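Single chain ahead, by itself, as structure tokens, in the form predicted alone.
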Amino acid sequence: MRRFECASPPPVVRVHKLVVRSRRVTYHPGMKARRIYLDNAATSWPKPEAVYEAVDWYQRELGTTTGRGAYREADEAAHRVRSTRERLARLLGVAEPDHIVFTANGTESLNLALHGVLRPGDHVITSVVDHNSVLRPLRFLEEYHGVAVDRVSCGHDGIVDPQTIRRAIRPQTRMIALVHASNVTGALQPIEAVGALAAEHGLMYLVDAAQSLGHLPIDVPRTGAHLFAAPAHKGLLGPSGLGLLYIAPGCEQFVRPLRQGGTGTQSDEDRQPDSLPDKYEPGNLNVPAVLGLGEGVSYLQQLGLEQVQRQGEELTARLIEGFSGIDGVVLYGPRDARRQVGVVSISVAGVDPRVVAAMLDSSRRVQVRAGIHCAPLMHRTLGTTELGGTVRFSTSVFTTVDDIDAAVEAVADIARAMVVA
């Protein structure tokens, strides 16, 4: 009988030979209890207290679905969900809350946009800067559905020149899909200029705002985006397991839903409703996450996105300045806090980034992301693939100057140890 092996052995971590003498890194036992979390590009932590309270309150007090009951708690749940859509609409600068569709996560939002719009024979333009949540659906559509894909390059600063996109446009081009901020370098892309290109050529335009929404003011109509996607759990400070896709009015006729099912509306029909948001939201919503997201958005609006952006730029500038003065550290991306969000990637003395990340956590409890960050084309462009990617530091509204200084000091200790060894 044939035996199927479903599990693969864990990958072997190639430790640089210099790491053998890493005991030279200064160890501060007093720091061990303080968690310095700088992995907010993966998911933000901590959340505002109101986010935790909203999720707990829903589970204990409401505990019901939306659109499927006529009793008080069901009405309250529906009201709270509607309130979250309205807060998001204000945040995005749009007038149509019902055109903000909730999904399972940012990845599903992007899949809905890509699979929902593209058809065999279409051509789409994306970039090497984009995340696998765009690259992988496009590769699938390319291999199985006859969709042609161009992946344009970027400059040494990690920023795409709109003219490279212009040159890639063909008669068959249907869509431009572009990330707003790189999850590797933080580099902000010229989404408004690209939106003008899309409008000039009558193309559908998808913006992936996973790393930007919640970190700086964004007026979606000004970007020209027809489809605007983001997760709840990053800059928006909401819970995991929720995403959003804004579909500009009129564009829903071009976006085929990926799922069908019960909505609690038009239940006497066996066809999916065409009205939004029901067209794209079959089944039960993740209501506790929606309520938590509403509180995350409210918190950001109380702070003011301009203030959030200023704080992020100050912290990012401090990281860049600190790392720039350390021998053996290489910085990637714009190296300019005004041209990137709070994401900074480095390498340290040619050491495997996973080793560096482990040392940061064990010595100072500095928690970062190491590796390819689901952006393989970006690393090929940066020349960091063979190294195993980069060490990524990412901030949030709860990051402090002390957190930044502790991270820089910890990296300096590791780099000194590598150089001496």
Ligand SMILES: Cc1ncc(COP(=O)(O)O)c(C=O)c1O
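Residue numbers here begin at 1 and follow the sequence given. Just so you know, these numbers come straight off a predicted model, no measurement behind them.
Only in words, not in the display: the form predicted in complex with this ligand, which the text now covers.
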So which of 189, 286, 126, 105 reaches within 4.5 angstroms of this ligand in the predicted complex, heavy atom to heavy atom?
-> 105
If you check 211, 84, 316, 185 against this ligand in the predicted complex, which one has a heavy atom within 4.5 Å?
-> 211
Picking from 177-185, 332-340, 293-301, 150-158, which part of the chain touches this ligand in the predicted complex when contact means heavy atoms within 4.5 Å?
-> 177-185
Would you check, heavy atoms only and a 4.5 Å threshold, whether residue 263 touches this ligand in the predicted complex?
-> no
So in the predicted complex, does any heavy atom of residue 235 sit within 4.5 Å of this ligand?
-> no
Touches this ligand in the predicted complex: residue 110 (any heavy atom, 4.5 Å) | yes
How about residue 51: is it within 4.5 Å of this ligand in the predicted complex, going by heavy atoms?
-> no
Stretch 217-231 - residues with a heavy atom within 4.5 Å of this ligand in the predicted complex | 231
